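One chain follows as structure tokens, the form predicted on its own.
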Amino acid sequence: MAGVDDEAGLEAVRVRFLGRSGEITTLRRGIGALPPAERPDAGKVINAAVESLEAMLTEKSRELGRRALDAALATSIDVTFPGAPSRAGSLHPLRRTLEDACGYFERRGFAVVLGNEIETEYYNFDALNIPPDHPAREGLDSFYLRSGALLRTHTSPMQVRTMQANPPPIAIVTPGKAYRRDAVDARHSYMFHQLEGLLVAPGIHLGHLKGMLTGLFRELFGPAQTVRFRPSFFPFTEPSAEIDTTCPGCAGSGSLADGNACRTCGGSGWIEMGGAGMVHPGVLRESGYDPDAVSGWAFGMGIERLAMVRHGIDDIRVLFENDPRVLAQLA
């Protein structure tokens, strides 16, 4: 029986021993040739062998039935079982952060303007008051093409393009990709997303900028956010400042509930978000505006930085590797 694996093989064994022409039948037919005194004992031995064989056949049949049932259950679908949950897609954290930031400005009357990722030196540098000897124009910082154009290093060219095409007042935000020759590490990438903002009209001042950015960060990070400006330098703004917001990880205290320093801000209580300032008079003139009649502010910040702070991510590469497990957690 050990070598029997299916019902057909089991039936062959039964026919061989118990069939009309089987071995047991042949033995029974031969009892008549035995001496009369031996016939009863021979019949008893044969009957015992038949009972034992039938029991073995019955047990083997049950075993094969159990195997068949297990195989059927393993490959069949039980409609009474709960179904596997469906995996619904969601917006990428970068896309969601970008749309939320743009939506904040759109509700306040700003237009969303998109531009080309390949730019001329004029719009990427010259029109933004960046002279030819500025370090940002060196090949180590920019990706130049054979035509003399380059992959834009920021979304700021759309400031000048928009002002040259439209009279004041202007209120725009420009989201998009930018490219720089940066080594990839936890904070940098050669391709990143930037959000540029520009407001030009009579009487615009830094207070308007601080109010707009405070509202943006409160919408993205929570109601307790505040903004500070640190003096800095950018060729296309004057005065210029770096923008910081209170760390949402520790609410600006610099330390966590357990007394340890906050990892998100390194214990400072502040997160650097980008650069900003009043539009340089030279940029206004280059765009055809009169700096004595209008003024404006501009800012630029990385969408990756906003998303990292918003979701508590400490490595920018997480946003580009697109591990489904990470994306599911951030959905």
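Residue numbers run from 1 along the displayed sequence. Computed from a prediction, not measured in an experiment: that's the story for all the values here.
The same protein has a further form, the form predicted in complex with a small molecule, not shown here; the description that follows concerns it.
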item	value
Any non-hydrogen atom of R180 within 4.5 angstroms of the small molecule in the model of the complex	yes
Close approach of H154 to the small molecule in the model of the complex, 4.5 Å, heavy atom	yes
Exercise: F125 in contact with the small molecule in the model of the complex, heavy atom 4.5 Å	no
Close approach of T245 to the small molecule in the model of the complex, 4.5 Å, heavy atom	no
Interface stretch in the model of the complex with the small molecule - options 235 to 243, 89 to 97, 71 to 79, 113 to 121, non-hydrogen atom within 4.5 Å	235 to 243
Contact assignment for the small molecule in the model of the complex, among T162, Q225, S142, Q194, heavy atom within 4.5 Å	Q194
